[in-house]
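The chain below stands alone and is given in structure tokens; this is the form predicted on its own.
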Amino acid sequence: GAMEGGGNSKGTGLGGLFGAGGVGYSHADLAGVPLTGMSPLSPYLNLDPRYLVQDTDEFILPTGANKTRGRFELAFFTIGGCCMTGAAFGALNGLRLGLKETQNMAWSKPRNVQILNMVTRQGALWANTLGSLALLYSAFGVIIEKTRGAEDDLNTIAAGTLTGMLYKSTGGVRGIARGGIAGLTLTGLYALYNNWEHMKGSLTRQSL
């Protein structure tokens, strides 16, 4: 009985020693890998190379998912950017108009107030206009993208055309047509500019 007890304690002692050793190795190796990021894989980690290949495949999905969310994420940037551009353009336009309207007046407080009023009014007007257009365009873009389940230049052109049509919808049929044509032209030119390098490359290949 005493001998068996001794054997057991010896066994557990050795087991504990090896166990601790095993845990020590794995902890050290696992702690080293993510921290350095560039350390080579430890020989103690039995990794099947197939797992590494699967990992790279798995990373394709999130990138693809990001692409489909792109238009929605860009919407905030587009709307904000358009508001700021509109405000800056409006302020400059207001300054020009203010100076033009008050050119016969001498430099005085009433003239300064009048110019300032024109600057703020024009700034707000243009920021509102461009912001509204950006909001409509982004909303149409996201809706079309979700409906079609694809993201390409066709979405951009369709969103631009619909934005122009809706924005000018108060001007009757002629206004809608004008707005649609304006939106189609602008987004068409943008799509052309976006694909210019690609088109140029394909044309060069065809001529060869």
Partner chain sequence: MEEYAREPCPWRIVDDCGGAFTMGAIGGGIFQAIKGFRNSPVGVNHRLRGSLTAIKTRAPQLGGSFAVWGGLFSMIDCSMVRMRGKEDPWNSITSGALTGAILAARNGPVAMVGSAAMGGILLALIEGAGILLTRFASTQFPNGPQISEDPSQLQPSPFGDYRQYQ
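Everything quoted here is computed from the prediction, not taken from an experiment. Positions refer to the first chain, counted from 1.
The next section is about a form of this same protein that is not shown, the form predicted in complex with the partner chain.
**Student:** Quick one: in the predicted complex, does every one of 161, 164 and 184 get a heavy atom within 4.5 Å of the partner chain?
**Tutor:** Judged in the predicted complex, none of 161, 164 and 184 sits within 4.5 Å of the partner chain.
**Student:** Give me the residue from 99, 92, 84, 105 that has a heavy atom within 4.5 Å of the partner chain in the predicted complex.
**Tutor:** In short, 84.
**Student:** According to a 4.5 angstroms non-hydrogen atom cut-off, is residue 128 in contact with the partner chain in the predicted complex?
**Tutor:** Residue 128: yes, in contact with the partner chain in the predicted complex.
**Student:** Would residue 80 show up as a contact with the partner chain in the predicted complex if we use heavy atoms at 4.5 Å?
**Tutor:** Because a heavy atom of residue 80 falls inside 4.5 Å of the partner chain in the predicted complex, the answer is yes.
**Student:** Applying a 4.5 Å heavy atom distance criterion, does residue 119 contact the partner chain in the predicted complex?
**Tutor:** So residue 119 does not count as contacting the partner chain.
**Student:** Using 4.5 Å between non-hydrogen atoms, is residue 135 touching the partner chain in the predicted complex?
**Tutor:** Flag for residue 135 set to yes.
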